[in-house]
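First, one chain by itself: the form predicted on its own, in structure tokens.
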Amino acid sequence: MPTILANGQVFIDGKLQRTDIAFDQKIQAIGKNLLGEPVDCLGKIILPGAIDVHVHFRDFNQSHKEDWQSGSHAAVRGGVTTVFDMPNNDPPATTVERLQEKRRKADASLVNGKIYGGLSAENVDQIAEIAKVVDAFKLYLGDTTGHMIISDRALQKEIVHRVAETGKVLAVHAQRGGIAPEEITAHEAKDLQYAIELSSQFKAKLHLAHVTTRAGVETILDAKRRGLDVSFETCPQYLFFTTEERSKRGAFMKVNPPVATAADRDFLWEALRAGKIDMIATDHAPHTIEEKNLGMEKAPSGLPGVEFVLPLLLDSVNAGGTSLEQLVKVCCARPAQRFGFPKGKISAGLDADLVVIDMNLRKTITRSEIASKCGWSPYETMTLQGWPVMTFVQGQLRFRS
């Protein structure tokens, strides 16, 4: 018998509607007087499950930081029902065999696990075969955790050409690394422009990761006006933190690319309200407290975030910083559209990935309640209004507060 989410307000076609939803693995019907097992959602709103297209669930030799079980538990607590995991694991996810093993781990998690295929000098000839077992590809033009950077320009072209032939989305880390944080953010627009021009030569479906600055966003918007096939994401850390927090919090605010200026942060919020941001992804990159305590020079880059992206944005909706419509676009609809999955909106026949929200619930983020295995969050001590209270993944109740 189907489950019925009853008496709530459901986000459908850009607005909240007072109606009910019947579902098993798929959404069966939307309306009143539906047959099934009712779950009372009076006073709550119901959204599509969030889709995070940029996480690092570690696993393999780094499972002490995170694995698919702990990472997916954090995700569903935060209303995230689908994640795309990056390939810079230890060892890197660049072979068919390793990617198949990763797929098995993802399929056993609490969420819909999608995976990126890593690109390297050693697997260029296998790109067509790898495409059969991955959901998208990831190319590193800038250095990052795992040292998967591709610097040879001829090799970059060959890789982009071969990925374009598969029809898969090519996500690119374009921003350079290894220099002072202020220089990285100053050069972001130039780095993004290079990736845009490279992909346009072969008509690749380009997705640009973790865009940080006003100049970077404006570069991408210009490419869109020229008709180029490009999408991009920004991340919560760039909406909520600036260089001021980095100077205060040291390695616990060390992230690649680094947080930018207050002016850049304010522009990102303006762009979000104006509908110019394609997606918000977390770049959930958990490292242990012990590793972060090594200090700014030695600590690895990365911040955990999958658990709190939706509460952070729901709090902003409550405060008038953005709208519920924009939240659903950047966290649900556009990621699903770009990567080609039957998710991201509430409609009969689509996957029953649903999150029930209490917009009045206020909670403070405390370390003791964090689900991520890394055990800390840059958002600790923040009090937010608007939290998931139930999360369903393909019709299965995966979290209830």
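Quantities reported herein were computed from a predicted structural model and do not represent experimental measurements. Residue numbers run from 1 along the displayed sequence.
Omitted here: the form predicted in complex with a small molecule. The next part is about that form.
Novice: Look up in the predicted complex whether Gly118 has a non-hydrogen atom within 4.5 angstroms of the small molecule, and give yes or no.
Specialist: No - in the predicted complex, heavy atoms of Gly118 and the small molecule never come within 4.5 Å of each other.
Novice: Would His287 count as a contact of the small molecule in the predicted complex, using a 4.5 angstroms cut-off between non-hydrogen atoms?
Specialist: Yes - in the predicted complex, heavy atoms of His287 and the small molecule come within 4.5 Å of each other.
Novice: Whether Ser301 contacts the small molecule in the predicted complex should be assessed with a 4.5 Å heavy atom distance threshold; does it?
Specialist: Yes, contact at 4.5 Å.
Novice: Please check if Asp283 has a heavy atom lying within 4.5 Å of any heavy atom of the small molecule in the predicted complex.
Specialist: Although the small molecule is absent here, Asp283 would touch it in the predicted complex, with heavy atoms inside 4.5 Å.
Novice: Tell me, out of His173, Lys329, Lys114, Lys205, which residue has a non-hydrogen atom within 4.5 angstroms of the small molecule in the predicted complex.
Specialist: Exactly one listed residue reaches within 4.5 Å, namely His173.
Novice: Among the candidate residues Thr219, Thr213, Ser316, Asn88, which is the single one with a non-hydrogen atom no more than 4.5 Å from the small molecule in the predicted complex?
Specialist: That would be Asn88.
Novice: Can you tell me which of 273-281, 248-256, 187-195, 228-236 lies within 4.5 Å of the small molecule in the predicted complex, counting heavy atoms only?
Specialist: Result for this chain: 248-256.
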